[in-house]
Every structure is written in structure tokens, then in C-alpha cells.
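Shown next are two forms of a single protein chain, provided one at a time as C-alpha cells under the names structure 1 and structure 2.
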Structure 1
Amino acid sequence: MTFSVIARCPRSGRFGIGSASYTMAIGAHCDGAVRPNVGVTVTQSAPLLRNNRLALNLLAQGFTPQQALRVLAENDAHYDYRQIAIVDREGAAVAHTGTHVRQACGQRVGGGFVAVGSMLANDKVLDALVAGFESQSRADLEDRLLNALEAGRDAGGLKGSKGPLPERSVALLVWGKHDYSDIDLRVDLQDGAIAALRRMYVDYKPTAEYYEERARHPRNAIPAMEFADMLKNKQKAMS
């Protein structure tokens, strides 16, 4: 009951994950799933957290995504219950959807990205994830991932045996060249979590560079409240 897109930006080399689920705290299943200059991966539908670090360790040693996926299969007695996606630093991508993953389910593998989903309302959700991701190819990776999640939701999203399921948790993670994330935003236990994340993102995005600069040069930084007021005045002038 989750749909996700993982990707590498060909312009910046950044890696990211956008994931939405009926399950609580989907962001927790993204732990250890991104590593700068190495790759990005995700395991869902009965997620196995050790897969994240194992896959990235293998990529770091020079394994291809296909070879890494083969090792995951060999070390997992319940491989057929999982969906796995891997993208490496060259943009090579691979995915697996096990025979026991709950329908409707599937995957789409493209240049530098993978879309996967289970318990989807229909197969069009996967196509919508791809279309949303590719709709603004020059945009920042986080914008493209969020566009993909919104498109998947609007195409029908998730569905259980009793009908449509709301997205109750969502995570948006992007890593660049540093050993910490550029973006790590999450919404948990809230119906309409993707819409809530969009509202959060709109407020957060303009402040990200400010907080990064303040951390590097605190002596010269203006106070946070002063920056917030400046931003608010600028937004009013532009509206």
C-alpha cells in the first residue's frame, strides 16, 4: 500500500526518494536508503530495512544495480513478498516486484529513476508517477519527486479491499554532495499527507539556503525571525 519514485538528477548528481503510503511513518523505511555519489534504493511491500544499506554497500564496492539486486535475492527468503528499486551514480536503474506483492502492483524503470507501487487503484498510477516526474525535467529533484507523488495520487492512488485508501504518511528525501540530506520532509498519520507535504514544502523551500548559510557562517547571519519577515514581505510584493 505504497507508491514511490527514486531517482538520480543527471544535472546535479543528487539522489532522492519520494514515497507515499497508507502505512504510518513511511519515512522510517527510507533510513539508510541514500548515499552521496553512490546511489539510492528502497524496499517496500513488507520492507526489509537491512536491504537499504546492503544495496548501497554493494554499489559502493562497484556492483551494478542488477548485481546488487541478485545479492539481495540470495539473502532474503521472502524476496517474492517485496518490491525493490535501485539507482546507481551512473543513473543505471533496476527494480523487482515479487509474485506475492499485493495487487495492483508494478514498476516502471526509466533513465535514472524507478517508480514502484503496490495496492494501487489501477495501473495508471504508475504511468502517472512517471509522467509527473518527467513533466519538469529542468526542475530541482525535490520538485520533480513531489510532482510525481501528486500525479500518482490524482490518478487514483491507493486502494484496499474496501475501496480507496488515503495516503497517511509521505516522505521526501534528497541528498547532494554532503554527508547529510539537503531535504528531509515527512508527514505522518494524516489523511491527505501529500497535500500537507506540499504546504510544508512551499514554506520550507525558500528557507533551506538560509539555514545552510547560517550554519556555515553564523557570525554574519541575520536572525531567523528577521529572515522570516524579509521572506514574508518579499512574497507579499510578488503576489
Structure 2
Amino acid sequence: MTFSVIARCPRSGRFGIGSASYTMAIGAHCDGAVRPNVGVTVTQSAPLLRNNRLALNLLAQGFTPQQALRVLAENDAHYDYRQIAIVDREGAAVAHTGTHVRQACGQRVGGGFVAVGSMLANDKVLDALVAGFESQSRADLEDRLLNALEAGRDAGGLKGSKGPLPERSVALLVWGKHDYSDIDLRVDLQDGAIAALRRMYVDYKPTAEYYEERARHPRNAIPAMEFADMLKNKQKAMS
């Protein structure tokens, strides 16, 4: 019911998650799942929120992702129902897909990234996630993660017992050097969630820097509404 890519950007060291799901508000499941200079993780299929912080606490203590995954296994009576991925700051990556996770399901583990999914339309969705992620390997991490989700959707996306299921929620998170996110965008309950997130991302990206700048130098700031109108006119002129 969910497919995700988690990754460490090899150029910047930033960590991120792209996750799309039939479950509502999948972004709420990503709470505490990224920590700067430590790592990134997800637990899905049957989610377990405690795993996010536990996995990252273990990485922060010096455990390898492999060792951390073993702790999560021993700490959980229902490990066979979970799907888990972990990437650390050296790009070491591991994943687990329990035997009771609903088909089609699986994982692809690469250098510095993991793709995982359950209730997929077919096995090709996982390969598509990887291909989408790798398609612009020099791009910013948030672009690569969004490319991956779109490719996973286009390869068939999700499927339940009665046929195809829509992605109803999506989350895109990237953390850099701060103790708060660089980017954190969500759609919580809407069919066609990935397309909605793409539209939002296009609108959001040029405004993010504006809001940081106006906070640093409020005396010279252009009012937010005027900035929004300027941006709209510029986009109109370009199209």
C-alpha cells in the first residue's frame, strides 16, 4: 500500500524520503525519520512509529544499519509484517521486507539509497523507482526523490484485492545541516496525490528562499502578497 525511496545525497550529504501511499497522511509516518548527519529510515506496510527514532538513535550511537536492523527485528513481535529501510551517513543501506507483507512487495538496495514497496501492481514498480531516482543523478535530492515516485506511479503504482489503488497521500522530505527540514511537503488525502505534490513543488520552490531572506532582513522585505503576484506574473510571462 506504500512505495518509498530513502537516500543520502552523495554530493551534499543531505538525507531524504519520498513516500507515496494509499494510506492517508503517510507524511505523519515519517516523523523523526530523518536526522542530519546521522541517517534516514522508514517503517511501512504495518507502520511502527517507534522504529524511526530507535533506528536513528542506534545509528547515532555508532551501530551500523545492519546491526540496527537486527535490533529492530528482535524488538518487535510483528517484524514479519513490517517493511523497513535504513541508510546511514556513509551511504550504507539495508532493507527488510517481512514474509507477511502484502504482494507484490520487495526492495532494491543501492549505494546510498533503498526503494521499498508493498501492494504494488507488479515487480517492475521497484525497478522503476530506482530508474526514476537515477534518471537525473546530478539533480538535487528532492528532485530525484520526486522523479522516483512519479516513475513508480507510471510503472503501475499500487494494487489491492479488487484492482488498482490510487496514491492518496505523499510526502517529500529533505534535511540538510539544520535541526529542521530543508523541505517537507505533503499531500494527506487526495487521489492523484503525486501529481498534486508536483504542482505544489513547482509553486513552493521559488518561495522558500524568499521567506528565509525576509526573516533575515525584514526591513527591506517585499510584502509576501506582492512577492506572490510578482512570481505569478513571471510564471505567466515564461509560459
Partner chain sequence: MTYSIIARCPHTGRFGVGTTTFSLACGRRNESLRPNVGISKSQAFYLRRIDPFVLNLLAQGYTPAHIARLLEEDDPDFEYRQFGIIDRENNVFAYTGPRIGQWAGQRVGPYYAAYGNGLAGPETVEGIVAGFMSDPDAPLEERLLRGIEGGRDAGGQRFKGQRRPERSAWLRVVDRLDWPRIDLRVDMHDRTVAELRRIFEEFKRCDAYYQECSRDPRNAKPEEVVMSELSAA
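Please read these numbers as outputs of a predicted model, since none were measured by experiment. Residue indices: 1-based, along structure 1. Under this definition, the rigid core comprises the largest set of C-alpha atoms superposing within 1.5 Å between the forms. Only residues modelled in both forms are compared.
Each of the two structures shows the same chain on its own, and it is structure 1 that derives from the form predicted on its own.
Split into two rigid parts for the change between structure 1 and structure 2, the chain puts L231 and L145 in opposite parts. Rigid-body analysis of C-alpha superpositions between structure 1 and structure 2 gives a rotation of the smaller part of 12 degrees.
Taking the core as the reference frame, the CA atom of I222 shifts 2.9 angstrom between structure 1 and structure 2. Look at the core-aligned forms between structure 1 and structure 2 and you find a single run of 3 or more residues with C-alpha shifts of 2 angstroms or more, at 212-239.
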